[in-house]
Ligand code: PXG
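Below you will find one chain, with nothing else, as structure tokens; this is the form predicted alone, and questions on how it binds or moves follow later.
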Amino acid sequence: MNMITNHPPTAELQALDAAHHMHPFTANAELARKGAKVITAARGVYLTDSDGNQILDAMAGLWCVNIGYGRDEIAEVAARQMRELPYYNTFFQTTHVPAIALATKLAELVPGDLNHVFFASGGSDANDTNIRMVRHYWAAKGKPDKKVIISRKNAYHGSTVAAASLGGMSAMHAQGGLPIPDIHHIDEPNWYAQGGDQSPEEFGLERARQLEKAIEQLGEDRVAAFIAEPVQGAGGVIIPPETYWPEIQRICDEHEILLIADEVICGFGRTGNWFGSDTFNIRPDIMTIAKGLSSGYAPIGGSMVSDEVAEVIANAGDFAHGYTYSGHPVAAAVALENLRILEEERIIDTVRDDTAPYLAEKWRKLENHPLIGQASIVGMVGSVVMTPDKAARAPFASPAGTVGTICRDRCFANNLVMRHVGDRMIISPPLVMTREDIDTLIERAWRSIEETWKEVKRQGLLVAG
């Protein structure tokens, strides 16, 4: 069966899935007992499962379906490109029209002098490219010892060996002997959980200045780059204090290191501007892009590279690096059409001027619930922190994620996809959400939080750790 439309019953599909399909970031034996939720169709901001339920997808897939599901224009462009040129590589002094057109368009959209792109298939391999590129860059400038890349604890930069090493997630590092050498992590700017008695402004400066201390400790002659997400996504939607990014930028400007902005989640409208670097006034030397680049309709990513870095790389002989699917013509054509839709339908303008402020007003009112300690949001990406003691910003005594899992399951029961990170609930909905969709999201979120609160009390989990 090549394409399942009139599909078998849910139980049969779940059994086949359990027998043959290994899921990412999943305890597969546990999922096999429970049975995966089978998604069969999607339109706009709603998914349809194999039982016919209409589910509001407040995560836009994996942070990526910015233009919403079911855009026929994308399917038509992909089919046309497949008929004309389904594949060719860009290795051996060749190129093709979709890659040229997309590279040109990205140079127009991306801020600063990031006028060059090295294409990848997604964010993980784009961040692998970044490691190779910054080390090759410094070697070409006669500084081969500048290899260390500084990142942050609880950051997410992908799931390959190199990208997971860049990320700062201890659960990932515990599997597979990570991180690789010459990756150093500093603390994240998570004021709610770690700020103590400091004001957010003081805390933001303190966390940013850890970068300067790390450069001094490691030696500026050894540090190649600092990489960070404008807003930490998979780490729980950690929006940094206002003082954080200006101080990070100052430190990078004053020291001889490259700044890499990982815009895989924040790019293409998520924060209410085209890029998180626009929202937080970041001036990166390299920018990682993926996800919203094609709204998830085709796998594509890339590294946007500054004029200076690109020139050094270009004049250093062969850059011995690349991927079979770098600049894949179908993926590039899909990305171009996605960018056209975002631009011509003024989707990001609508987010910035109308729907994001409306969502923020409604989202922050979730703090009125006794279970919610903080509701934070920028653009169309937000989080709520669940707590047993609002005044103390206290975590639960139960293992992190116990309450989050309960809430995630209540969301599913209420036909809402919200993700949990520990005991935070996060959203990253399609940018095409209407005010009516937002009202539905908030109503289902409140109901799910209320049901979680009752269940937490019933289980005796409303205890501070």
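Note that residue numbering begins at 1 and tracks the sequence as displayed. Model, not experiment: these values are computed from the prediction.
Missing here is the form predicted in complex with this ligand; even so, the following discussion is about that form.
Interface residue among A356, I265, V305, L102 relative to this ligand in the model of the complex, by the heavy atom within 4.5 Å criterion: I265. Only one of Y156, F275, F119, F226 comes within 4.5 Å of this ligand in the model of the complex through a heavy atom, and that residue is Y156. Contact with this ligand in the model of the complex, judged as any non-hydrogen atom within 4.5 angstroms, is confined among 39 to 47, 407 to 415, 59 to 67, 429 to 437 to 59 to 67. In the model of the complex, none of the heavy atoms of G167 sits within 4.5 Å of a heavy atom of this ligand. Using a 4.5 Å cutoff between non-hydrogen atoms, S295 does not count as a contact of this ligand in the model of the complex. This ligand is not drawn, but in the model of the complex it has a heavy atom within 4.5 Å of N127. Although the partner is absent here, K146 is not a contact residue: none of its heavy atoms lies within 4.5 angstroms of this ligand in the model of the complex.
In the model of the complex, A234 is the single residue of 232 to 260 with at least one heavy atom within 4.5 Å of this ligand.
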